[in-house]
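Take a look at this single chain, the form predicted on its own, given in structure tokens.
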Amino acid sequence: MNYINISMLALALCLPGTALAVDIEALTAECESCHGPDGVSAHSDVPSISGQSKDYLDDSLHSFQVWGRPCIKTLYRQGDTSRPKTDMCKIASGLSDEDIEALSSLYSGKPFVAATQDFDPEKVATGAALHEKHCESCHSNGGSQAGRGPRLAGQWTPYLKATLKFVPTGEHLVPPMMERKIGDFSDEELNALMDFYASQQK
């Protein structure tokens, strides 16, 4: 390849509208087939991704690319629901770094919408105390602050519980301190934590 051709290729990579540009509409259509319009999920086994931090969304998608998180097969929830089941590892494997950057920026800029879900009001105070003692340092403001870790307050708790069960098996990679703590929680304590997060619906 001569110098002129190399220069033309380099220019093409920088031009907007080239084949390598991020097709954000196609990407969001794929995401929202499961996570719902604007990333707000209506299904208790699928997390809402709107309003999560850019760092967390970016880290999560890269983690799925290397099977650092559980890749559970799921049906598409809207659009062409006749498509075969898919999973996040398969979807993330087709994303470039530019795609991930665009998606993380987009959904982190959208408002978080807490899920309307049942909880046991008698266990909320116990869950709040457990969160304050064990979780607040990374999931601040009662779990409502999105940072390196996800926002927990108002997230679908069936999804949270289903994901956490993969922490002790090593299928869901988390910081060592969290891994140890999840393994120490009793079922009763974990349920109380979920009631606390589910109670935050404003």
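It should be emphasised that the depicted structure is a prediction, and the values quoted were computed from it without experimental measurement. Numbers for residues come from their place in the sequence shown, where the first is 1.
Another form, the form predicted together with a small molecule, is not on view; read the next lines as being about it.
Q: Since the partner isn't included here, can you check whether the small molecule sits close to all of Leu57, Thr74 and Leu103 in the predicted bound form (heavy atom within 4.5 Å for each)?
A: Looking in the predicted bound form, the three residues Leu57, Thr74 and Leu103 all sit within 4.5 Å of the small molecule (heavy atoms).
Q: I'd like to know if Met88 sits close to the small molecule in the predicted bound form, meaning any non-hydrogen atom pair within 4.5 angstroms.
A: Yes, contact at 4.5 Å.
Q: Hey, in the predicted bound form, does Leu164 get a heavy atom within 4.5 angstroms of the small molecule?
A: Contact with the small molecule, yes.
Q: Residue-level contact is defined here as any heavy atom of the residue lying within 4.5 Å of the small molecule in the predicted bound form; does Ile182 satisfy this criterion?
A: Yes, contact at 4.5 Å.
Q: Would you classify Tyr197 as touching the small molecule in the predicted bound form, given a 4.5 Å non-hydrogen atom cut-off?
A: Tyr197: yes, in contact with the small molecule in the predicted bound form.
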